[in-house]
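Below you will find one chain, with nothing else, as structure tokens; this is the form predicted alone, and questions on how it binds or moves follow later.
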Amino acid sequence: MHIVIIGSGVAGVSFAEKYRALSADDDITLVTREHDGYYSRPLLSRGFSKADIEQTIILKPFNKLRENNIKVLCDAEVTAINRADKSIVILGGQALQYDKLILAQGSSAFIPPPFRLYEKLFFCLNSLSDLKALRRFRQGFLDQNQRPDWAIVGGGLIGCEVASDLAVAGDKVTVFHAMDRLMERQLAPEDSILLLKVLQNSGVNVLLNQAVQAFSREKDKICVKTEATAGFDGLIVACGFKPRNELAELAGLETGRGIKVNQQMQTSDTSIYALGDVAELPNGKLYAFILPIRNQAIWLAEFLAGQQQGFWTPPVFTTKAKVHGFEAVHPYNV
């Protein structure tokens, strides 16, 4: 059997390694747009206070997977899934056959439609290449003995984590958040108040109830327009994530917010499965956290190897914001 996996995050790599441990003979090919290796995506938001992050974030070079008899095609963009002949097409024209296809592409940064006209003006932080671009930009200021002044649009999990890390690293940071409290989806109101105090004490300027209307460039500043207009050296948009389900949609798979799967992680095509950020379970939930994603991947590997039966059920898990000096009192809403 030839198993093809699209995506080299925790879902794709955990599945590949577990399935290889259970089956020495089946072919496993992992196709990824990445080239640096398998890295810790949660550590991206600590990418400014850690000087050696670009090295320490790498959990496993792709050659380590290859040594385990897992084929890795890196720097490879999948452009289509041909369900009729069970193949995927890679940019450049290469076709790759599969018996079972695992979709584990993860998610991209969600950019609100009104902001898309201004994409050249701001950064997102969703991948190691994004982090490298941000670090290069920031280094230009440090080389001149200056500290950049950042605007972050979004006071959710990622926005707060990045704001905290930039502030701890010594930069000026202003957070614009549309809601009346921070991380309102994850935190109890009392913890949102505590988080606000922690960020303010670290020097972050937090602006709540902000309706960001537009961005513009004026000389060497990026301007954020709300009821007033303020200029900054750099701008990061952190408005959540969007599952990468475009390939599935083009292939005619059933999708909603993510790729719809049953409780065996199987899509509407019996030969195709989805894991991680892209997988929308029958309850409508996306389990976009490390512990349930790894649990999904291991369960599916065991299931396809004939060593697991029944249905995947989410494990009990908690999450935690990586904000320096912050500990929530109440459980997170996951």
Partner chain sequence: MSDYKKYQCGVCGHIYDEAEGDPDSGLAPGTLWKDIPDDWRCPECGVEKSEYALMA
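Everything numeric in this text was worked out from a predicted model, so none of it was measured. Positions refer to the first chain, counted from 1.
What comes next is about the form predicted together with the partner chain, which does not appear here.
Note to self: Counting any heavy atom within 4.5 Å as contact, can you tell me which stretch out of 283 to 291, 22 to 30, 264 to 272, 66 to 74 lines the partner chain in the predicted bound form?
What the structure shows: Answer to the contact question: 283 to 291.
Check: Can Lys50 be called a contact residue for the partner chain in the predicted bound form at 4.5 Å between heavy atoms?
Finding: Although the partner chain is absent here, Lys50 would touch it in the predicted bound form, with heavy atoms inside 4.5 Å.
Notebook entry, point to check: Even though the partner chain is not shown here, does Leu43 get within 4.5 Å of it in the predicted bound form, heavy atoms only?
Noted result: Answer yes; at least one heavy atom of Leu43 falls within 4.5 Å of the partner chain in the predicted bound form.
Next item on the list: Give a yes/no on whether Thr56 approaches the partner chain to within 4.5 Å in the predicted bound form, heavy atoms considered.
Entry: Taking the distances in the predicted bound form, the answer for Thr56 is yes, it comes within 4.5 Å of the partner chain.
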